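Here's a solo chain for you in structure tokens, the form predicted alone.
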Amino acid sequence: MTVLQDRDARREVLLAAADRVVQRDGASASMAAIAAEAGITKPILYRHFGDKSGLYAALAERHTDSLLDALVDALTGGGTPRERVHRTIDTYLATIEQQPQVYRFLVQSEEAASAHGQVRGFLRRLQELLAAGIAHELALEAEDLRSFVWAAGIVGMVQSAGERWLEVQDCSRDALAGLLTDLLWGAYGSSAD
């Protein structure tokens, strides 16, 4: 094993330890707790990641890349457009339901405020993919503003509703995914008539 491979392997072990602490402590995860979980000292942890922001960025990349892959799979799978939308919303909600502390760490920790670029980058990539899908699905021109605006609105709506739901848990995940899908399919407009 080369020095670089050894360093990469050690970094993965440290990220796994950090993941365990974040799963337990969420936004309050500390470098001291992560170092203790990994069985090392804080200076060794700093040597691998620079500071907590560097560790945050590495964890954010790991989790957002995985989530984006799952969302793309859900959105591009078979079924009707409504079924694909429901499945994609449910995939997002399932992820934050299964890992609520990771979600809180990524969006509510001090590092999230200072290193918000990782999550913003993820949201931008998701919006771009969704905009391309909307444009394709509705046969819109590539530069049609509707696909970009609708994609940003959908992503923001699902993220905000998901965050609220994590806190209050006033319905099942499937019910929430259904309500959001209904809204996207015009339920609000048809209810107001």
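The first residue of the shown sequence is 1; numbering continues from there. On a predicted model such as this, the values are computed, not experimentally measured, just so you know.
The same protein also exists as the form predicted in complex with the DNA; that form is not shown, yet it is the one meant from here on.
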{"item": "In the model of the complex, the one of Glu128, Glu61, Asp51, Glu137 near the DNA [non-hydrogen atom within 4.5 angstroms]", "value": "Asp51"}
{"item": "One residue of Leu67, Val158, Ile40, Ala151 in contact with the DNA, assessed in the model of the complex (non-hydrogen atom, 4.5 angstroms)", "value": "Ile40"}
{"item": "Among 51-59, 162-170, 128-136, 143-151, the region lying within 4.5 Å of the DNA in the model of the complex by heavy atom distance", "value": "51-59"}
{"item": "4.5 Å heavy atom contact, Ala36 and the DNA in the model of the complex", "value": "no"}
{"item": "The DNA contact at Arg124 in the model of the complex, heavy atom, 4.5 Å", "value": "no"}
{"item": "Arg24, heavy atom within 4.5 angstroms of the DNA in the model of the complex", "value": "no"}
{"item": "Arg20 within 4.5 Å of the DNA in the model of the complex, heavy atoms", "value": "no"}
